[in-house]
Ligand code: NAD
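Shown next as structure tokens: one chain only, the form predicted on its own.
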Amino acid sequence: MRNTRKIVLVGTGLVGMSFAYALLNQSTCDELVLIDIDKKRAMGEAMDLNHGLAFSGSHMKIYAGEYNDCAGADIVAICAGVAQKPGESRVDLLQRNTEVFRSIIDPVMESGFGGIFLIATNPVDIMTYVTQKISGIDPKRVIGTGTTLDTARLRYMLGDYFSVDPRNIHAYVMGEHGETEFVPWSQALLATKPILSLCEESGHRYCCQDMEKISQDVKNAAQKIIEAKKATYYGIGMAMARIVRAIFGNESSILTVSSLLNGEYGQNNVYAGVPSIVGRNGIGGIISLSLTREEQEKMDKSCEFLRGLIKDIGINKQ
């Protein structure tokens, strides 16, 4: 990577601009290019961000650009996509989003782009898979936000439940970012103490049934937010900024991004949220947790569901 950390953001909607705002406030990159089908909107968003530069610790160069600006980018982040129409099936929506992604990825690759794709568009595991197939680049350099936000929600709720700093909670949400996601409770720790053991030894102060409720609350969090304010965007924007920091800092941080599985957890040819080592070159490896039989079955079910959607849109045949 070059000394100038350059990001191109495709899609200046609520998620994209929450990401951009987080980048500005955290001084995460040196150059930020905004691309949108609505060029006027991209220009307006760039102006608005630039007017806040004087109040930030950042010296970012922010401007509305074109796909040829991707040539020297380290990261192309995609937040663009189409909304589901009333009565439209999930598969029809996926097929329309696949065409939108083709119209984005083809010109990105034609620019000579050789960096990392970061995908946030839902359903994120499928769209990350689509990006890799259309671009043809090394799967290690195509990353989805996966269950990073779900994992953050889980740690927040567990920290609240046990009255400890969420950063001292080590627990993950895995699988699809959606209905089939799950928490492998056998691997959940508070400091180095297994959470299930803590519940059993607490004399009814904490209980395992509450853990199941928390996992459901995590799964339903997005719908609850959407019901209240029509959309969710701050959390995912900050999750994207966190992934970017891990890449630019070559941190080798463990994040539950959407990674292509190649034998891990008995799965192949599917992107899913798993604890992954994230650094300068993208995915440096996948951590294979010791799942119980029941947890492995949940992982199998989640990946099977995702493979079914991939089959339905027929991306492998194109």
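When you see a residue number, it is the position in the sequence shown, counting from 1. Here the structure is a predicted model, which means the values were calculated and not measured.
Omitted here: the form predicted in complex with nicotinamide-adenine-dinucleotide. The next part is about that form.
Colleague: Looking at Q223, S103, Q209, S89, which has any heavy atom no more than 4.5 Å from nicotinamide-adenine-dinucleotide in the predicted bound form?
Modeller: After the contact test, the surviving option is S103.
Colleague: Quick check on this chain: which one of V130, I236, I116, I243 has a heavy atom within 4.5 Å of nicotinamide-adenine-dinucleotide in the predicted bound form?
Modeller: Looking at V130, I236, I116, I243 one by one, just I236 meets the 4.5 Å heavy-atom criterion.
Colleague: May I ask you to check whether T151 falls inside a 4.5 Å heavy atom distance of nicotinamide-adenine-dinucleotide in the predicted bound form?
Modeller: Answer no; every heavy atom of T151 is more than 4.5 Å from nicotinamide-adenine-dinucleotide in the predicted bound form.
Colleague: Just to confirm, R280 within 4.5 Å of nicotinamide-adenine-dinucleotide in the predicted bound form by heavy atoms?
Modeller: Because no heavy atom of R280 falls inside 4.5 Å of nicotinamide-adenine-dinucleotide in the predicted bound form, the answer is no.
Colleague: Report whether the minimum heavy atom distance between D36 and nicotinamide-adenine-dinucleotide in the predicted bound form is within 4.5 Å.
Modeller: Yes.
Colleague: I'd like to know if C79 sits close to nicotinamide-adenine-dinucleotide in the predicted bound form, meaning any non-hydrogen atom pair within 4.5 angstroms.
Modeller: Within the cut-off, so yes.
Colleague: Just one stretch in 118-126, 160-168, 69-77, 190-198 has heavy atoms within 4.5 Å of nicotinamide-adenine-dinucleotide in the predicted bound form, so which one is it?
Modeller: The contacting stretch here is 118-126.
Colleague: Given a 4.5 Å distance limit between heavy atoms, list every residue of 128-148 close to nicotinamide-adenine-dinucleotide in the predicted bound form, or none if there are none.
Modeller: The stretch touches the partner through T145 alone.
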